[in-house]
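Encoded as structure tokens, the following chain is the form predicted alone, with no partner shown.
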């Protein structure tokens, strides 16, 4: 059964304007209309290899929506017999996802000033969701993240002095994890829908969700690579103080700027390793596209960010 026929069998309404938006090795995103309603299909034809399974992602979206987090409404979670594989249907939310436009375009000037605060509020609500009753999720902490990424780094065969120094530096400062919370795992500019009139409209891409340190999300959105040329540390559009103050006001647990900056450094290290891995795919000839080569060169940018963050905390 084709995708359009399988969608029609869900009885959501007449299916029109079916269009694939993106897709990697395992996940697909489709836009379509069911009657007059614009919808999105998230689909993994086979079992999920990376990240949480799509039914888990749908359950997290539903839990987040109940907690007041701006997320797309989950319309239908597909059963195996419905012929779409792992999949769910959600409402399409109007707005912009391209980080560079959110940071630079005049259309977003009015909402940019409060966007860091809105992100802080959303994170506080995510971290406040009771983990009881959630689908099974991995639990991780700073030490485990560093162990995983050092293993990935060693596999690249690279020996870069800044990264060689950063792993032990961060490991020696790794915080304990007294009470794990639900962590989005990829909360950043580029995974948000921002409307030019109403601001933060939806938090997307929950596939890296896990249980862990709340400061991980707060630090990740501040990684320089997610600022898209903006001159503010939070996503290129806001200040640390606005993010942390709104997070606390919305009921988020105590997270200090020092803790945020530690996880920002971890995030820069992770991105440096990812860039090396992407370059490795280019160098191997498996996918010798200019884009992969360009991303590989960004390793040095992440290393500069790491040096600045480490020097500031010596």
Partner chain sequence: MITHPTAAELLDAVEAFTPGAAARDAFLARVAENARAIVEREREQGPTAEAAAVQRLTALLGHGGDFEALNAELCEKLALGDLTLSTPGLLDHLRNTAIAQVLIDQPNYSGLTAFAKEV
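Positions refer to the first chain, counted from 1. Note that the structure is predicted; figures quoted are calculated from it, not measured.
Note that the form predicted in complex with the partner chain isn't included here; everything after this is about it.
Checking 118 to 126, 208 to 216, 175 to 183, 150 to 158 against the partner chain in the predicted complex, the stretch whose residues place heavy atoms within 4.5 Å of it is 150 to 158. Residue 141 falls outside the set of residues with a heavy atom inside 4.5 Å of the partner chain in the predicted complex. Interface membership of residue 8, defined by any non-hydrogen atom within 4.5 Å of the partner chain in the predicted complex, is ruled out. Interface membership of residue 262, defined by any non-hydrogen atom within 4.5 Å of the partner chain in the predicted complex, is ruled out. The partner chain is not shown here, but in the predicted complex it comes within 4.5 Å of a heavy atom of residue 165.
In sequence order, 224, 225, 227, 229, 240 are the residues of 218 to 241 having a heavy atom within 4.5 Å of the partner chain in the predicted complex; the partner itself is omitted from this view.
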